[in-house]
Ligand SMILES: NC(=O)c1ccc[n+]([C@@H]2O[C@H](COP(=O)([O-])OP(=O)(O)OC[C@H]3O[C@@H](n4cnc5c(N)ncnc54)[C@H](OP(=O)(O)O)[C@@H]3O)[C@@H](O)[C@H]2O)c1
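First comes one chain, alone, set out as structure tokens in the form predicted alone.
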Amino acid sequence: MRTKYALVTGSSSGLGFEIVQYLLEEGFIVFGASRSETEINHSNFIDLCVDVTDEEAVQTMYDEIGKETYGLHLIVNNAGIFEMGSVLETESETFMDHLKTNILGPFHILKYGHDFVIEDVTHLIHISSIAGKKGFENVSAYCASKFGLNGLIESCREEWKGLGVRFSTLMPGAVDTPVWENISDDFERSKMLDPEDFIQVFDMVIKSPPNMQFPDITFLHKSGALE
């Protein structure tokens, strides 16, 4: 397979949108999976409407991918949600939504993506967060989901060792994406990473030698983690 194929979840906005554009520039054929339309018009982009928390929808998505290719060189688990609220203020439904989207969704992508793994080739990249290593106040649901995601990744990495595939987990600090526009004005966005900063690290990971993976690569704005 000379053509490289990639799947990116959460492609309609934020880091997912940036990742898709980067991969298209790098010559990949990209499947973008999101609950809403991804506004990218490119001959090598295939827009797929899917809710990653819906198991049947993920299976159908892979059926569609199977019409184009038998294998994926790159799988990027990026889809996620982020809401703020203290433990006392957070509704159980909101907490569960974080677990469904940020853990169950990637679980579905991995489980049904196994058939598209190319032995000794596929690179599985997960977009986690510094909040998966350190708890922060007023984001208990998000932190819990990212801690859980990291556990899922580590377990799957061990199970798939025999396939010779790579697992890299990116754990950035706050990145200045549109998600912050509806959250709070209390955070200094000048102390957040730019999307370009994130892509620079992503580029390094993508272009690393095929014998390398990054189980835990953390990067922050020079001012440190956002408090």
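For every residue, the number given is its place in the sequence shown, counted from 1. Since this is a predicted model, take the numbers as computed values, not measurements.
We do not show the form predicted together with the named molecule, though everything after this point is about it.
You can rule out all but one of 150-158, 68-76, 87-95, 122-130: in the predicted complex, only 122-130 has residues with a heavy atom within 4.5 Å of the named molecule. Out of the listed residues Asp51, Glu26, Glu64, Asp197, Asp51 is the one that sits within 4.5 Å of the named molecule in the predicted complex by at least one heavy atom. Note on contacts: among Gln21, Gln213, Thr218, Ser13, the single residue with a heavy atom within 4.5 Å of the named molecule in the predicted complex is Ser13. Contact annotation for Thr101: at least one heavy atom lies within 4.5 Å of the named molecule in the predicted complex. The named molecule is not drawn, but in the predicted complex it has no heavy atom within 4.5 Å of Ser168. Residue contact check for Ala144: none of its heavy atoms lie within 4.5 Å of the named molecule in the predicted complex. Taking non-hydrogen atoms only, Ile81 approaches the named molecule to within 4.5 angstroms in the predicted complex. Contact check for Ala33, Val175 and Pro178: all three have a heavy atom within 4.5 Å of the named molecule in the predicted complex.
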